[in-house]
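Only one chain is shown below, in structure tokens, and it's the form predicted on its own.
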Amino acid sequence: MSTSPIPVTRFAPSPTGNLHIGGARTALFNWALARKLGGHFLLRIEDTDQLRDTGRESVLGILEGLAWLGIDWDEGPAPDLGQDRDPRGVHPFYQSKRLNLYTEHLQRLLDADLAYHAFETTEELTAMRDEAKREKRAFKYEGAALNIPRDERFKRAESGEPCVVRFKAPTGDIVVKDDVLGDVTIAAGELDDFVICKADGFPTYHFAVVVDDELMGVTHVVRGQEHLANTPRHVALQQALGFRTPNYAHLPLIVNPGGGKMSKRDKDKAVRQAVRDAGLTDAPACVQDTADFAAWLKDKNRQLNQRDLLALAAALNVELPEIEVEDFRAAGYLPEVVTNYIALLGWSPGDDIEKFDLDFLAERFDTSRIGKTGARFDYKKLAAFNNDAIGAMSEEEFAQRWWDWCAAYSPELLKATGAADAPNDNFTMLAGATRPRCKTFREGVGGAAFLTTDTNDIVFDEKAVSKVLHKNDGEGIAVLRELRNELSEVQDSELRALNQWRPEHLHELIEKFSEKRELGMGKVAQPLRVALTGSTVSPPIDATLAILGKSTVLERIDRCLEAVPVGAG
């Protein structure tokens, strides 16, 4: 067995999908504790559940999520799944590759009569549970297999008869010493003889995690309170195997704004409600698995496959709540803001400090400052944090980081601004106009949607047309006609030489136009904004003109004058 001269924490996700934000917080706290103690942070992939494991893609998603957040690990799979990081020689880091180790320790328990083979079928176990339910008592496996002679149990198992292996529960109390919750005592008799090896030969979570923590030298286990019910089983196994018991610290649950557990099912809930509001009873065309859709619609606890869920959300214009790290990344949050915010979910550095970086967290982290009650996820506060961080950036940093995000999530905007290969003048102008107006990168893209919309596809907002263009006998339309003529007089041959089609020059042109007609800037800018974007919302009008370019500006004004003349509608 391995002994560790240094503190070792670990994060051990199952590859069943993208990294949940709660898992990210667990990883962050384990990382911070390892850094504070001068130890190692270990990453282990718990992939022994053959029914739930979604493979390489999920593992990569977890690794990429951690890397994006800046949570680096000292030991575990390489971010690109290349050569493992293994300075202490405790590999492999995938449980599916450690089966021989589990078998070895499983045999130790069997030989010592601390575990035994059990042969009940699924149907027999179901009947036992149904009987307990009828008698209004909790089901507890009472060790029926122990009525079979020991030698017979071994022979039947060795012959290949399907069976599981159950751990023989201890007869005394089990005490869990927890750095957050204090001592938690499980009275004698409360633990049942739980399964530690499944019929497929794979260990259960309980057994594998205990063996791995010992052999990998894990000294501290920081995990969510949902695991607290498992910990007495782990302590019992550790005692039976003669293993050390790590320091435990169980984190408070993260709850959604409604007070429920923050879960991937929140996405299904939002889409299911929209489906019902729309009166859909049959799967729409965007759904590929119609049978899955029908079952999902009837069962509020069922999750729809990711592809169909996203397609439905898009078709019904549902804004899905961010639950997984990738959701926050795609929404345009900054990784340093996400780590700052989730560090505050159940932990506080004290002194009323809320804004800090990873170095500060590593320096100040202490399990004694972890709370016991649920931590509510406040999306508005996260957005405010992100807005502040964006506001603190230089224009150059914002432009580069927004471009990096757009390259992954909004390439159409880069194409529209001619910045597909690198930030250019147009994109930099847009970034400068966007930064003061957005809380997230995605919100910035939303404010620039007019750039990616074809002129003939612009939809003019009826209220904007009525208020800005048609009011006062078409005052706005008249302004557009006159302004269009002045804009067209900017000579094409002079655009580059004189640099006239720039925000500062266009601002001057509109200002002089307004003064000459004794109109406020808004009386000119707003009609122009409606013509160019279809609404009264856009970046500053001079930047909007500059980014669109002269020919597109004239084209859009002409279409507006044709589409919504005075008296139209």
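Here the structure is a predicted model, which is why all the values come from computation and not from measurement. We call the rigid core the largest set of C-alpha positions that still match within 1.5 Å between the two forms. Residue numbers run from 1 along the displayed sequence.
There is another form of this protein, the form predicted together with the RNA, and it is not shown here; the text below is about that form.
Chemist: Which of these stretches, 407-415, 356-364, 78-86, 373-381, has heavy atoms within 4.5 Å of the RNA in the predicted complex?
Modeler: Flagged stretch: 373-381.
Chemist: Is there a heavy atom of Thr204 lying 4.5 Å or less from a heavy atom of the RNA in the predicted complex?
Modeler: Yes, Thr204 lies within 4.5 Å of the RNA in the predicted complex.
Chemist: Is there a heavy atom of Gly70 lying 4.5 Å or less from a heavy atom of the RNA in the predicted complex?
Modeler: Gly70: no, not in contact with the RNA in the predicted complex.
Chemist: Test of understanding: in the predicted complex, would Glu104 fall inside 4.5 Å of the RNA by heavy atoms?
Modeler: Outside the cut-off, so no.
Chemist: Verify the contact flag for Arg529: yes if a non-hydrogen atom of it lies within 4.5 Å of a non-hydrogen atom of the RNA in the predicted complex, no if not.
Modeler: Arg529 belongs to the contact set for the RNA.
Chemist: Three residues, Val8, Glu161 and Leu237; all within 4.5 Å of the RNA in the predicted complex via heavy atoms?
Modeler: Contact check failed for every one of Val8, Glu161 and Leu237.
Chemist: So which of Ser263, Asn387, Gln400, Asn426 gets a non-hydrogen atom within 4.5 Å of the RNA in the predicted complex?
Modeler: Here the answer is residue option Asn387.
Chemist: Could you spot which one of Leu241, Leu304, Leu487, Val184 gets a heavy atom to within 4.5 Å of the RNA in the predicted complex?
Modeler: Spelling it out, the residue with a heavy atom inside the cut-off is Val184.
Chemist: Counting only non-hydrogen atoms and a 4.5 Å cut-off, give the residues of 239-270 close to the RNA in the predicted complex.
Modeler: Heavy-atom contacts to the RNA in the predicted complex: only Leu253.
Chemist: Has the Cα of Arg529 moved 2 Å or more between the shown form and the other one, judged after a core fit?
Modeler: Arg529: C-alpha displaced by 2 Å or more between the shown form and the other one.
Chemist: Taking the rigid core as reference, does Val468 move its C-alpha 2 Å or further between the shown form and the other one?
Modeler: Comparing the forms between the shown form and the other one, which are aligned on their rigid core, Val468 does shift its C-alpha by 2 Å or more.
Chemist: So with the core overlaid, does the Cα of Ser538 end up 2 Å or more away between the shown form and the other one?
Modeler: Yes, because once the rigid core is superposed, the C-alpha of Ser538 moves 2 Å or more between the shown form and the other one.
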